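Next up: a single chain in structure tokens, the form predicted on its own.
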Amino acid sequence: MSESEISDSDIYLKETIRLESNNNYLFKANSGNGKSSILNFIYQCNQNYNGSIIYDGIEYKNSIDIRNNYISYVFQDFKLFNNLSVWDNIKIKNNLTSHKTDNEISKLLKEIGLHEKKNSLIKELSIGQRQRTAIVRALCQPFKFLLLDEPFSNLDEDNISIITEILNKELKNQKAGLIVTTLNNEYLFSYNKKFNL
């Protein structure tokens, strides 16, 4: 993006932006205006930026520890393994963190209507089912921030309501912050601050 394209941004080109855990933030922008990019910068899977990202006073670059323990991310394109089952996709994450028990994962799958699909391959699922799988996987780790990149774009209102309740409970339990990107739908979360990109 050119400097003129982001001159009105509440984030880009600003000297300092402070985000605090236990708060909810909304990043709004049109397509192509850097919503996914800003989350990728925070998660450090894209380091093509000028400036520093500091967590608890320490600048980090590509830290596995940060990704495994402090920041969880539901990517817009999900990043699932198409030839593995729903269960195996989720367990890959949970085996690294040991954050949830199998019973807890099963309970989450039942709550979001995927329990009967747990042995189905990702490539056999609808887009909405894949999106729900990615959300459950993101909850299988400790985090201080949960990043959601247009998280409900393929879900109906009933599923959005169910998942919002699950996420709010998880955020409260972990005393974690939420960062949501969206084109124009603010969903059912309450936000401490909204940014226009």
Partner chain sequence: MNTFSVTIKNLIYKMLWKLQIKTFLPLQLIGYAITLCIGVIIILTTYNIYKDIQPLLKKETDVFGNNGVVISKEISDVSSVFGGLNSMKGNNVDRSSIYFTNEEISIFKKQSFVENISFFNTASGFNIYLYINELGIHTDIFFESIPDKYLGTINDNDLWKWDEKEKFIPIVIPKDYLKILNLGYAESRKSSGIPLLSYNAVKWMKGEILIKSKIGKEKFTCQIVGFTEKVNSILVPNDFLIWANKNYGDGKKSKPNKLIVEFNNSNSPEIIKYLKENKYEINKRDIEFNKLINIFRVAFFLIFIIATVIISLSISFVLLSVNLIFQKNKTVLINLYNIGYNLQKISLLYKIIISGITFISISIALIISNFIREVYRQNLSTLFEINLEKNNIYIATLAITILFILLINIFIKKKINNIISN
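On a predicted model such as this, the values are computed, not experimentally measured, just so you know. Numbering follows the first chain given and starts at 1.
The form predicted in complex with the partner chain exists for this protein as well; it is not shown, and the discussion that follows is about that form.
The stretch among 43 to 51, 23 to 31, 148 to 156, 125 to 133 whose residues place heavy atoms within 4.5 Å of the partner chain in the model of the complex is 43 to 51. The partner chain is not drawn, but in the model of the complex it has no heavy atom within 4.5 Å of residue 35. Interface residue remark: residue 67 is counted as part of the site for the partner chain in the model of the complex, having a heavy atom within 4.5 Å. Of the heavy atoms in residue 103, none are within 4.5 Å of the partner chain in the model of the complex. The partner chain in the model of the complex is not approached by residue 111, whose heavy atoms all lie more than 4.5 angstroms from it. Residues of 78 to 109 placing a heavy atom within 4.5 Å of the partner chain in the model of the complex, in sequence order: 79, 80, 81, 83, 84, 88, 91, 92, 93, 95, 96, 98.
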